[in-house]
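There is one chain below, alone, in structure tokens, taken in the form predicted on its own.
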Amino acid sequence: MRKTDTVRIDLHCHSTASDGTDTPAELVAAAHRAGLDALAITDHDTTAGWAEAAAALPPGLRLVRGAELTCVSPDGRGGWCTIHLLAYLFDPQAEAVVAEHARTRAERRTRLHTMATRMAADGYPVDADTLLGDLPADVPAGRPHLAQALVRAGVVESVDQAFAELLHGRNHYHVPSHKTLAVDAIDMTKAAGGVTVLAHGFAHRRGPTVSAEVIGDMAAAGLDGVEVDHPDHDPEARARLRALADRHDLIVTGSSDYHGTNKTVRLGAETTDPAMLAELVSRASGAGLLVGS
């Protein structure tokens, strides 16, 4: 089914609960102004923004509560690579979810502290303790926060420049992270009543990606869908992912991956067919869809 022109749904958006620049309340207000009918809040490895977004929900706007999970997977070529899963409508109080999010947040803070300390030792005007002290304990610390600090200090002009020149994985500032196996994240989300969608699976310019065979393996393990229409997917990537979705009976989604001013992509730049959202909701039992009143 093709996307309609009358219902606009964006299923991948970030707030200040992770590495976006809009608060959760500002995010839903911006979505309303942008003419969206539904959006998902999918901050990295946290549900910290759910309550604020729900409380600020404008009339008629539907909210899909979710998170973007950072995982690792075989790449299908004899190696491993980082992937991201969009987990939707799961119970945030499920024991495994609470434990995993706590582990991930702690690991992220340790990692960011080490990276900032290494940069400070080389003379960059960043202080690890100040950087982490400014972040609430329930906000997953990440490289974008260090990038923003470098922008504020005048070291670079943009977050993109910070990543390209200083925060990539090829210099001594980089610290590897311990990530959850993708199949374990799929199991965890399903046990919590949620559904999972592979985010920007063929966004090759971001780095290594998994093969088509690995996506098939994840589908067999319980993956519910693939994000096809994404700003970082070229037409060839979209066509290949759509074919894989057809082959493995996966839900197809489209999303902006909005981060506020940290990226130039606007809300609703890519959208999801209403029938696909309905299918996601029908498979979930952990957290319902919310509608502003």
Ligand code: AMP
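Basically, rigid core = biggest C-alpha set you can superpose within 1.5 Å across the two forms. The first residue of the shown sequence is 1; numbering continues from there. Every value quoted in this text rests on a predicted model; they were computed, and no experiment measured them.
Just so it is clear, the following notes concern the form predicted together with the ligand, a form of the same protein that is not shown.
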Practice item. Note which of 172, 178, 152, 206 lies within 4.5 Å of the ligand in the model of the complex, where distance is taken over heavy atoms; exactly one does. Key: 206
Point to revise | the ligand: the contacting residue among 116, 218, 195, 159 in the model of the complex [heavy atom, 4.5 Å] | key: 159
Review point. For the chain seen here without its partner, which of 90-98, 123-131, 139-147, 182-190 has a heavy atom within 4.5 Å of the ligand in the model of the complex?
Key: 139-147
Point to revise | the ligand contact in the model of the complex: residue 65, any heavy atom under 4.5 Å | key: no
Practice item. Evaluate residue 44 for contact with the ligand in the model of the complex, applying a 4.5 angstroms cut-off between non-hydrogen atoms, and reply yes or no. Key: yes
Review point. Closest heavy atom of residue 270 to the ligand in the model of the complex, within 4.5 Å or not?
Key: no
Check your understanding: For residue 111, is any heavy atom within 4.5 Å of the ligand in the model of the complex, or not?
Key -> yes
Review point. For 10-28: residues with a non-hydrogen atom within 4.5 angstroms of the ligand in the model of the complex?
Key: 19
Practice item. Kindly check if the Cα atom of residue 169 is displaced 2 angstroms or more between this form and the one not shown relative to the superposed rigid core. Key: yes
